[in-house]
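This document opens with one chain alone, in structure tokens, the form predicted alone.
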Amino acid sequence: MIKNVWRNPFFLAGFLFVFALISSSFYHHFVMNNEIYENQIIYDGITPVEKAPFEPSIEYWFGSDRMGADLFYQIISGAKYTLGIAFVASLLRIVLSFLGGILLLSAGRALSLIKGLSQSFYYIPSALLIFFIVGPVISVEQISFWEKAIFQVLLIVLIAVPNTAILMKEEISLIQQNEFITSAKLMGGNKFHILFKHIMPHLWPKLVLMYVQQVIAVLLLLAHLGILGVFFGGTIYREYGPEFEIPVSVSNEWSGLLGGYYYQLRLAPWLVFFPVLSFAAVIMAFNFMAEGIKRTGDQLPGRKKMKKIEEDSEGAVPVESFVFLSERKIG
């Protein structure tokens, strides 16, 4: 499947967009020294003609904020943090959920209780839960940037593990219903042999798809947290006029840009529009990748054969229904 997925145009389009964005972010960090161009006044010779914030133009592609900072470079700079959080958090979600799913296979009667408890997360918005837990922590100046970042990432990971672990357990249980699993058990295969030799080859496509879906979920969660003023690595407050402060991210991570500039929506609507557009574009790219993975999985020989068998079994009429036509009543 890994080789075939690169031939899918949907997956390739999404992957190239994300790869180009990450490459640009690292180029800006290492080659351009992560410099953000700032200019509060534009001069025509010696005469000032315009004052920040500047609207989108040839010079400022995405416009600038009130301090004259170029929004385009801020988005490019923050891309590595936003996508990095999504990649790491999603990977940890899948790994912990996989281990949890294996443990749930032997949960027995306790499984129904665990399912009942995990369903409560469906009714509690994740963004609000993280906001009430992380909010007081990230505003403490004595805690370092990385301590806040690690704490926030761990909370983003753990909040999704219960439901994802149950989903993982159901996927493994579905694979275990196949005849080749029963044959492996009859031949004396132990649990680890069956897991890694028989279950994992069929589970890998699902894991890859679930990983991409988790990346999308984390990006949406970061956008919601940004609106609530919870930024990656902590939040600082900057004076914005007399007796008024606005939350500002200590990095250029996209949720920080979205939440910080949300208060300037009426003054400069482009400051909110382009971070939202960036989130939407990346989420669409990952949706393209997920669609490519699904289509590649449906085109696998084993999947095609299974679908054909299911279609034939649905369309065919049982032979037993016509047995009575060939039988004769005797006596």
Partner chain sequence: MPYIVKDSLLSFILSVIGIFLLGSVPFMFMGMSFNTEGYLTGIEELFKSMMNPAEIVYYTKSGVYPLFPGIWDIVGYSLTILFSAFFIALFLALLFSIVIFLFPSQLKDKIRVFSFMFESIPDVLIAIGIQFFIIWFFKKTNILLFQIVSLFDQKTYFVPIFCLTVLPTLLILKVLLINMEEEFNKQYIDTAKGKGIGRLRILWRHVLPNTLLSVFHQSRNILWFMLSNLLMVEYLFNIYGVTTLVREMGSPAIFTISILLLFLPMFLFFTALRILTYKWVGEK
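Numbering follows the first chain given and starts at 1. Remember, predicted model here, so these are calculated numbers, not experimental data.
We do not show the form predicted in complex with its partner chain, though everything after this point is about it.
Using a 4.5 Å cutoff between non-hydrogen atoms, His29 does not count as a contact of its partner chain in the predicted bound form. Though the partner is left out of this view, Val272 does reach within 4.5 Å of its partner chain in the predicted bound form, counting heavy atoms only. The closest non-hydrogen atom of Phe288 lies within 4.5 Å of its partner chain in the predicted bound form.
The closest non-hydrogen atom of His224 lies within 4.5 Å of its partner chain in the predicted bound form.
Think of it this way: in the predicted bound form, its partner chain has a heavy atom of just one of Ile102, Val153, Ala127, Ala107 within 4.5 Å, and the residue is Ala127. Using a 4.5 Å heavy atom cutoff, Phe131, Glu147 and Leu228 all lie near its partner chain in the predicted bound form. Across the options 194 to 202, 178 to 186, 111 to 119, 71 to 79, residues that bring heavy atoms within 4.5 Å of its partner chain in the predicted bound form belong to 111 to 119. Contact residues in stretch 271 to 285 (any heavy atom within 4.5 Å of its partner chain, taken in the predicted bound form) are Val272, Phe273, Val276, Leu277, Ala280, Ile283, Met284.
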